[in-house]
Ligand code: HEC
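Form predicted on its own, single chain, as structure tokens, below.
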Amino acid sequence: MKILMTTVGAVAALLLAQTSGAADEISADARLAAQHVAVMTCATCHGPQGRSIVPKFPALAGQHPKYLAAQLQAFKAQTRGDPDALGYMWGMAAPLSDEMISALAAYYGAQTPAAGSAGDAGAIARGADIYANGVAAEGIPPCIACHGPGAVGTGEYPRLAGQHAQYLLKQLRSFQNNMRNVAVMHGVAQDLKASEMEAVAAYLQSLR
């Protein structure tokens, strides 16, 4: 971990003197440096081009840059408090400049997502229904309202299609317990039963 953080820190330090202009203006040097960090450091957990094969770690390929940048900024500011944020990402994000964050987000946003993986047909069908319609009797709104058809998300709401079910369940529990302090998602997740979360996660993992 110390070696990985040193790699990020060394490259990010080179960018501190280069940061200028608006945050969305990413220099060619920043893009090249971000690709280096993604390949040499981030890939250890998130896989080549952000196509994670370890269910504990999220797939980043094809994720919306605006969302990714916001999460990296939250890790850097230590305002995202779920266990893996503390254990992994607070330290990894600490040395990143704003330009590096934007460049990393742009890099992963441009990658092709991996195909989803199939699971239990019954759970997937149940998850698809909850995603599209919510659970009216429990006051749970449909996920599609924010994350869109096919769970491809928007700039502010993340792409969920093809994401690891294990990672999704972990995040839903973090929202439920307010370890990730996001009011909208706490409101959605607080009344979800374990079986409902598992079904939604199975459905999302199955999407391409």
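Bear in mind that the values here come from a model prediction, so they are computed numbers and not experimental data. Numbers follow the displayed sequence, beginning with 1.
The same protein has a further form, the form predicted in complex with ligand HEC, not shown here; the description that follows concerns it.
Shown here without its partner, the chain carries P48, I53 and A114, none of which come within 4.5 Å of ligand HEC in the model of the complex through any heavy atom. Residue contact check for S97: none of its heavy atoms lie within 4.5 Å of ligand HEC in the model of the complex. By the criterion of a heavy atom within 4.5 Å, T41 is counted among the residues contacting ligand HEC in the model of the complex. For the chain shown alone, G153 is not a contact residue for ligand HEC in the model of the complex, no non-hydrogen atom being within 4.5 angstroms. Mapping the unseen interface onto this chain, G62 falls outside it, with no heavy atom inside 4.5 Å of ligand HEC in the model of the complex. Interface residues of 68 to 93, taken as those with a heavy atom within 4.5 Å of ligand HEC in the model of the complex (partner not displayed): L68, Q71, L72, F75, R80, D82, D84, A85, Y88, M89, M92, in sequence order.
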